[in-house]
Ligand code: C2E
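Just one chain is shown here, as structure tokens, and it is the form predicted on its own.
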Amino acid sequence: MNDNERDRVKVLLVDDNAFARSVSRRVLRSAGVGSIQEAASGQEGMDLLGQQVDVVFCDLMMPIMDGIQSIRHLATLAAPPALVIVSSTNAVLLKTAEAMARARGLRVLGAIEKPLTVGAVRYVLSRFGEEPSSLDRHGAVDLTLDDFEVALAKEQFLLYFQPKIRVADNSVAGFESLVRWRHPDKGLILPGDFIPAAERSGRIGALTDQITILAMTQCAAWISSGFRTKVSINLSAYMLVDLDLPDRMAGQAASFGIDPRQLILEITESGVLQDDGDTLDILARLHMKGFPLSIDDFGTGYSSMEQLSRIPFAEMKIDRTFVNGAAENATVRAILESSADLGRSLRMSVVAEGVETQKDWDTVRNAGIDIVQGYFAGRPMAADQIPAWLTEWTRTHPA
């Protein structure tokens, strides 16, 4: 986001402390924000939301209606503004509030410990112009099961690819394939708006088959052009009851002439335990057929140690919650470093998700992490955009 774009953003500053508001107002103006409204309480801030507001900077520690209550109210709006959480309280509480706001469907640009700085404000506002992640969307896209069935029949799904970079030498370790729905009327729809419905309706298997074929097609195309790389495919936990899955995926890989070792299968940690017997049967056979298994979003589930002790994972992906901002948060950094140590001790490749800044990169490098993924290296992109990205990445980050 450039200076002109920041000048057009309409900010609502909610803080009960008059001096803190005056300091924050000066910082926001120095950061290039042109339109600033102020509220001296949570209730006053909620009343002002009837006017156009793009981003709310909300303090946590306020009397009568505190920041947590304000965020809860914000989440009830049909089209809530983006949110920046601000407080002088401890960093752990800031993280808790941020996670709570995301869980309520709000688009959270970040959390800032007081006092605000120009650099911190510019950073969070730079995210305002980005494509919202599936975690930040508020379910605004109205879709039906019939829409989904038409999309399957007409093959309206496509893949974007986000690079995974080796920390040691800045080389490309592979790409994660991320599905998008190219709707003829509603444009590009992100997975957070249709994956849950596909899982509930029992159609996630048909979607996964299409995604797998698309990923293998691209992987084979890269190999034939001399660009040998790995491609990660996300497997829904709802697929881990399909006992035919290992044979089907092995047959598909063979038909494309792809070594299964080139295809990493990412399984979300919280989704591994669906049907214990069938799940372990499927994961064991996928491993036996050569597919590397990756435990995704590590640290966000409730049975991490048990998962690692009984499933042959080759890769651990540490969730972005324990990566982005770890440089400034000692507690989060400790979790990041201990997770990395655990992965290395189990001879797993360790990937840090959500690396967005040079500080994030330096922190994960110091933690001994093998691979990074995040906006710092590259956003999800169409396959035809990758050559240009690769040229620029190699130029700016030589080995």
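A residue's number is simply how far along the shown sequence it sits, counting from 1. Just so we're clear, the structure is a prediction, and the values are computed from it rather than from any experiment.
The following text describes the form predicted in complex with this ligand, which does not appear among the structures shown.
At least one heavy atom of residue 375 is located within 4.5 Å of this ligand in the predicted complex. This ligand in the predicted complex comes within 4.5 Å of no heavy atom belonging to residue 87. Proximity of residue 32 to this ligand in the predicted complex falls outside the 4.5 Å heavy atom cutoff.
In the predicted complex, residue 180 approaches this ligand with a heavy atom inside 4.5 Å.
Residue 236 is the only one of 236, 294, 279, 262 with a heavy atom lying within 4.5 Å of this ligand in the predicted complex. Residue-level contacts in the predicted complex: of 80, 174, 191, 110, one residue has a heavy atom within 4.5 Å of this ligand, and it is 191. The candidate spot formed by 118, 333 and 364 is out of contact with this ligand in the predicted complex: none of the three has a heavy atom within 4.5 Å.
Residues with any non-hydrogen atom within 4.5 angstroms of this ligand in the predicted complex fall in just one of 243 to 251, 183 to 191, 220 to 228, 102 to 110: 183 to 191. Along 340 to 371, residues 353, 354, 355, 356 each place a heavy atom within 4.5 Å of this ligand in the predicted complex.
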